[in-house]
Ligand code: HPA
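Below you will find one chain, with nothing else, as structure tokens; this is the form predicted on its own, and questions on how it binds or moves follow later.
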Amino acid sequence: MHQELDRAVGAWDEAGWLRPEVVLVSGSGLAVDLGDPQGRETPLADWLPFQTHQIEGHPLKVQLLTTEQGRPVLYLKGRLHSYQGYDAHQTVFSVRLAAALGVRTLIMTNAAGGLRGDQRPGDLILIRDQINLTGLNPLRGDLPSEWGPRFPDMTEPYSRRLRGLARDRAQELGLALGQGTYAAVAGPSYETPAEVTMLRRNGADMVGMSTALEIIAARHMGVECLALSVITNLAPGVGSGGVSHEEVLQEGKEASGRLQLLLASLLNDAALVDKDRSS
């Protein structure tokens, strides 16, 4: 994977694309229109050393955008999931590529099941911490020392500074923005009522099948992280009725307008990238 990552960086430079400062990854049904890529859009598979297969709600496109402030942004429209059969290193390859290209800030979105009775579909929630229950970790194995320390500190997986910035931008836009702990599970089956009870007792506020592995890989490589969950359904035992992927995509689509406003505001904020951060 180290050699393949170097090849992907070389291919990026040969294509003449700018090195991005920020990478944005969209979750299920949450790909939004953030500007004209001016022809700088390719399939994600063009940058990966392995075959991909798509699921509904994840276009698997790569765009290079330039914000109004002139900031180059790598936009990954859709993501890979371990439940599709990818190993941990494949699942996070695109995030590692972004870090190798010099990205200093990662923004992720995901669709999540709400675990609290006061949550409603469509709520935007900042992730302040995570519980990785996937049984996977992208740091297993003999990784290159230049990627990061063997035992990285995960005291602050989601940047307190960036969460404060997101709350400020949301307040200016009149958007409600909660905070909570995200539990990542392997999937692809949704949780049983007993599993939901366990997650709630262990401090989780929402649950999903992504994000945690990418955050671990990004923090390992010194990237500052921010993530937003869109509550697309109430988990079994919290809400009434069952859960379907179609419901998740529909709720994500309905929340996409508010999400787009917040993301555009963040990407254009000069403070998004901490110029003084040494790692």
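Numbers follow the displayed sequence, beginning with 1. Small disclaimer: the values here were computed from a predicted structure and weren't measured.
As for the form predicted together with the named molecule, it is not shown, yet the points below apply to it.
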message: What I'd like checked is whether Thr109, Asp205 and Ala227 together line the named molecule in the model of the complex, meaning each has a non-hydrogen atom within 4.5 Å of it.
response: no
- prompt: Is Glu191 one of the residues lying within 4.5 Å of the named molecule in the model of the complex, judged by heavy atom distances?
  reply: yes
query: So, in the model of the complex, is Met209 in contact with the named molecule at a 4.5 angstroms heavy atom limit?
result: yes
query: Should Asn233 be classed as touching the named molecule in the model of the complex when contacts are defined as heavy atoms within 4.5 Å?
result: yes
- prompt: Can you check whether Gly113 is within 4.5 Å of the named molecule in the model of the complex, heavy atom basis?
  reply: yes
statement: Note: exactly one of Val243, Leu34, Val238, Ala45 sits with a heavy atom within 4.5 Å of the named molecule in the model of the complex, namely Val243
field: Location of the named molecule contact in the model of the complex, chosen stretch of 183 to 191, 154 to 162, 117 to 125, 136 to 144 [non-hydrogen atom, 4.5 Å]
entry: 183 to 191
- request: Any residue of 121 to 152 with a heavy atom within 4.5 Å of the named molecule in the model of the complex counts; write them all down in order.
  value: none
